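Shown below, as structure tokens, is a lone chain in the form predicted on its own; questions about how it binds or moves come after it.
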């Protein structure tokens, strides 16, 4: 390709699209290089449901208010303080102006539905989910004249000193070609789909992990930049990992395989033993720790046990639960030792105390006397039929990434790389040191995608 673009955007998900649209609206000639085929465009964004948004008062579809300090407090709780507070506050403050921008670019929202009511004040849900958001942005990109290439695998980002000169790209399996541009935005995600890289970070147990999102995020561009001395941020063993249905596919199962039953369950490992407080906090603040918790168990597997009282209190998996009339029968169907599971459940039931059950808020309904307590929503498993799900770690994205400034600019030990910016999962480790807050990945991608697009366009203006 002989044409020199103003800006080349590597990636095709939310962050990449926000960057490309922002740059094109500023007058830049932009190309998007999406590694996936067109039907699978959008990276992990197509599996998302919502966007966590600061707001000072009701703002459709959000209720009440959700202001900066509360938002930051929630983030600090899940990350245990492992965040860059300056960048975190930037993402939080800027999220408020993002929602109307998203609406102006074709994204439609809906009120929270049953099973997500606890998020009605904090998270704006996409009508049609992430797939509809991605399609809206691609329609906008097409209208703006952005050049879009699918199956575009970027193999090398060519760095000369403190600037990037060109990209080496294979498009639809053709021989590698050069893409020339004056500025570059990297928004190509983490490395979670490269199981060998995961295994080097986590050890052999990582080969039992399932990848919830796109199989195309293999960290090729991230590794290339790290090998060339770009500043890194984040721990390769930290990631957004949730408990998903053990019957999910190796890749791309998406949100429909997530299991949200944990707060209303007794969760045991392969040996029939409980290993963590299922009721520690509301699910949007705790669902993203359960992938790591399950990963630490023998064979990287867990089992959620539920009774008839709770089966309708959560969003179900796409797969039906295993059903039985007794706890030993359920254990047997799940491949567990019936006697061990029966003893664990009996001990749990005996530790439950009377109280008022509130499924959508912390109710203090706790066990007493257990080494591993359950501090909320602790009700005996005593009402048949009984239901069970196998849990596996489901990795969404990894936190090892490129360190960026508050202008989304990529740096090296020698200083800023003058014409290179990054957005989305490839730099999310700058803010997410560990843990996760529901909808915050889309916040990071939208905020820093727009910043990267604006800064890149200003650079070439």
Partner chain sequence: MSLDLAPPLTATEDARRQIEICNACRYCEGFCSVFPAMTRNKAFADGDLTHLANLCHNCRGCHYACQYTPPHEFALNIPAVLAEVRQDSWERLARPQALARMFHERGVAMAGLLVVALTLFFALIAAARPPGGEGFYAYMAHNLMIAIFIPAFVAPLALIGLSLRDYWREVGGGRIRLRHLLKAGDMAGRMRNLNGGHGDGCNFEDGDRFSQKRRIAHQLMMWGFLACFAATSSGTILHYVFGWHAPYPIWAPPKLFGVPGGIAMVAGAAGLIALKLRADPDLGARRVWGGEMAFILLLGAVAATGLALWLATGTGAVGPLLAVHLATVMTLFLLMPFSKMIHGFFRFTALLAEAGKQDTAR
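Numbering follows the first chain given and starts at 1. If you superpose the two forms and keep the largest set of C-alpha atoms that fall within 1.5 Å, you have the rigid core. Computed from a predicted model, the values in this text were never measured in an experiment.
Beyond what is shown, the protein has a form predicted together with its partner chain; the following relates to that form.
Consider the chain as shown here, without its partner, and state which of 132, 370, 296, 346 has a heavy atom within 4.5 Å of its partner chain in the model of the complex. Partner contact (heavy atom, 4.5 Å) among the options: 132.
So which of 256, 201, 77, 351 gets a non-hydrogen atom within 4.5 Å of its partner chain in the model of the complex? Looking at the other structure, the residue within range turns out to be 256.
Please run the contact check for residue 314 against its partner chain in the model of the complex: heavy atoms, 4.5 angstroms, yes or no? Contact with its partner chain, yes.
Find out whether any non-hydrogen atom of residue 271 is located within 4.5 angstroms of its partner chain in the model of the complex, and reply yes or no. The answer is no: residue 271 has no heavy atom within 4.5 Å of its partner chain.
Contact with its partner chain in the model of the complex for residue 97, defined as at least one heavy atom pair within 4.5 Å: yes or no? No, residue 97 stays farther than 4.5 Å from its partner chain in the model of the complex.
If we define contact as a non-hydrogen atom of the residue within 4.5 angstroms of the partner, is residue 337 a contact of its partner chain in the model of the complex? Residue-level check for residue 337: no, no contact with its partner chain.
Options 23-31, 402-410, 63-71, 47-55; stretch whose heavy atom lies within 4.5 Å of its partner chain in the model of the complex: Among the listed stretches, the partner-contacting one is 47-55.
Could you list the residues in 132-154 that come within 4.5 Å of its partner chain in the model of the complex, counting only heavy atoms and keeping sequence order? Residues within 4.5 Å: 132, 135, 139, 142, 143.
Core-superposed C-alpha of residue 96 shifting 2 Å or more between the shown form and the other one: Result for residue 96: no, shift under 2 Å.
Core aligned, does the CA of residue 260 move at least 2 Å between the shown form and the other one? Yes, because once the rigid core is superposed, the C-alpha of residue 260 moves 2 Å or more between the shown form and the other one.
Would you say residue 209 moves between the shown form and the other one, meaning its CA shifts by 2 Å or more once the core is fitted? No, its C-alpha moves less than 2 Å.
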